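One chain is shown next in structure tokens, namely the form predicted alone.
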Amino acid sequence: MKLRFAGTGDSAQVPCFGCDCPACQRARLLSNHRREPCAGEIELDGELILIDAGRMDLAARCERQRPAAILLTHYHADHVQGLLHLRWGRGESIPVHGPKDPQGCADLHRNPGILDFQPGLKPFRPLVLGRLEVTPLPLNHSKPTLGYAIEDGVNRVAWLCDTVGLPGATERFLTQWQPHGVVIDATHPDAYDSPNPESRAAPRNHNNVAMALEIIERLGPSRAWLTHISHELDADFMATSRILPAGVEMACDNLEIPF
């Protein structure tokens, strides 16, 4: 199994439009730095499975390799907007799995095109995709949202994005499941100087770094990656030269992890 980070930014991405913070200035000079919203790809036995579909170039990516399935965490636009174009393609239908959300996003459910939306996944009920067993996990977010415990028979990876903390049932499952790797939402710095009081308040829909690291420590994986990263967090790391614990790193677009 190979995991690729197809995108690691939050909904604003990095650089953020109109922002001249050090992180955004740096990102404009780099050819590949959080220019895509958070998404992942799993490759196993020659098949491609997408985790979320927010990339605007999704159709072009799928032309290079048609996905066997798409796993959606939730229906916020930055996680599904690539489907609005992809659906009008040609050829065999592509199964799409995700949480039960009657509203979905725009008219995707009413006009799916080649997308074969499956019934909403039930938490903790495994889904089998080839040699992969994928267990949906409830997360804490503003829309119905699922994380995924992904296992290929040898390796176990938990994808936990978007979330603020973890529901008790999800953390109990993962503690028993014992993931080898964890990919987790870490959108916000622990604290930063912002003129917006809401930005300084406790996180509501996404983890800050301290919250993500506490979850990683409790779950005890050998490796972990922070994703769904904002330009504020990048700027905070630049300013503080913060060092993450051993085995934990900030993911970046196109990072590939073989298992």
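Start at 1 and count along the sequence shown; that's the residue number. Remember, it's a predicted structure, so these values are computed and weren't measured experimentally.
Here the subject shifts to the form predicted together with another copy of the chain, a form of this protein not shown in this document.
Residue 33 falls outside the set of residues with a heavy atom inside 4.5 Å of another copy of the chain in the predicted bound form.
Residue contact with another copy of the chain in the predicted bound form: residue 232 places a heavy atom within 4.5 Å of it. Within this chain, residue 251 is remote from the site of another copy of the chain in the predicted bound form, having no heavy atom within 4.5 Å. At a distance threshold of 4.5 angstroms between non-hydrogen atoms, residue 26 is out of contact with another copy of the chain in the predicted bound form.
The single contact residue among 62, 219, 211, 44, judged by any heavy atom lying within 4.5 Å of another copy of the chain in the predicted bound form, is 62. Here the chain stands alone, but in the predicted bound form its contact with another copy of the chain, taken as any heavy atom within 4.5 Å, falls in 86-94 among 153-161, 130-138, 170-178, 86-94. Not one of 3, 112 and 118 is positioned with any heavy atom within 4.5 Å of another copy of the chain in the predicted bound form. Along 1-27, these residues reach a heavy atom to within 4.5 Å of another copy of the chain in the predicted bound form: 11, 12, 13, 16, 17, 18, 19.
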